[in-house]
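One chain comes next, on its own, written out as structure tokens in the form predicted on its own.
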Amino acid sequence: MKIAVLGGDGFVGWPTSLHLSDQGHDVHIVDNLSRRWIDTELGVQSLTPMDSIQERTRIWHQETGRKIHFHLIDLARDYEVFKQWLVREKPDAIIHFAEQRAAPYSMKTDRHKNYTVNNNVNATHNVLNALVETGLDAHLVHLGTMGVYGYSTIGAAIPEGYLPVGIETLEGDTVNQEILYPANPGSIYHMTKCLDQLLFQFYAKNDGLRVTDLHQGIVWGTHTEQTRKHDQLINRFDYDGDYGTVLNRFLIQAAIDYPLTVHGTGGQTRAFIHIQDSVRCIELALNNPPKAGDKVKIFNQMTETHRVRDLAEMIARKTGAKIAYLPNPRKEAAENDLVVRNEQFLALGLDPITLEEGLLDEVVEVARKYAYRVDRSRVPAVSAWTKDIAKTVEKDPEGTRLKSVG
């Protein structure tokens, strides 16, 4: 297949592009390189050294003989350019990663909130609109988030996208209906993913677009089979307080003898998936597309769940790191359960990599190897969800811990 990977220079987009190219597909990366500009804005760099996208694709061709094409297009702004690109290239499938992906970054300031909404929602709608206008019957696979469900405790497993409900009619009868699982976003970033869901539902119903939406958990791990082919193909590793996921931040903290920063009680339960499983899930979704006229196909793309404090204790046991409990800059429940159904990918043959199996290798092979590149002052999470929370949480002068004030 000819596959367009929108946002193919990013954390999940790059290893996905390599994986699909390795499978023999003709891969075209479409990206505005905004993630690299955000690195510059934040004054922080990936733990792992990253070459330009042009150099990365050159090395891939050198090592494998396969070409990955790169196209510099801003999907949120360059609608006509992208539409003409679709007419010219006619991809069989489109994988949509081209969104600002960090919840803390989306909550930093009003400017960051506006940027996240404008970038994410416009990009998604422009892709859908362009598919309709060009008449291109390309399967659209979107990387969503488990965060559309929220993290409240309801005492039941979260289904894969849809919830069967009974509605009482005026006559007193019960009518069964299937609806999108109620959205409960916990940040501006998560809210944009909820809006994506509604856009997909409309365009699938109104125009017959074929859409798969992957509600993904927190991705951990750096390497896939393809990134190991050459040092310069390595994936990015974010550890800072805005873009570093909780697990990546724990790993680098352990590597540099920095206390594992658990915010609040650590009772927040999160879903996780290894990067190798993530790219495999995307391949499985591509190979099992919906038909025109079908409702949006939704998968829960995760393999296990853990409480944050349990995760910290697991890493502390393996590495000897200490744990520090700090104020929580997020507005969220102190404790929550998370039971998630993921039978669809398991039925399609996914054999997950577990945290217990792969964590120590990640610490040794990546975190410790590149620890010299860490800016310790960028490790704390300081983006606050509300102005009231911002008043009670501040970074200390040494940048080594958060403390409650006032």
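For every residue, the number given is its place in the sequence shown, counted from 1. In this text, all values refer to a predicted model and were calculated from it rather than measured experimentally.
Only in words, not in the display: the form predicted in complex with a small molecule, which the text now covers.
Contact with the small molecule in the predicted bound form, judged by any heavy atom within 4.5 Å, is made by just one of 91, 241, 266, 217: 217. Though the small molecule is absent from this view, in the predicted bound form it lies within 4.5 Å of a heavy atom of just one residue from 76, 321, 233, 209, which is 76. Though the partner is left out of this view, residue 143 does reach within 4.5 Å of the small molecule in the predicted bound form, counting heavy atoms only. At least one heavy atom of residue 97 is located within 4.5 Å of the small molecule in the predicted bound form.
Proximity of residue 11 to the small molecule in the predicted bound form falls within the 4.5 Å heavy atom cutoff. Residue 245 belongs to the set of residues with a heavy atom inside 4.5 Å of the small molecule in the predicted bound form.
No member of the trio 160, 274 and 345 reaches the small molecule in the predicted bound form with any non-hydrogen atom inside 4.5 Å. Looking at 221-229, 311-319, 185-193, 290-298, the stretch with residues near the small molecule in the predicted bound form, meaning non-hydrogen atoms within 4.5 angstroms, turns out to be 185-193.
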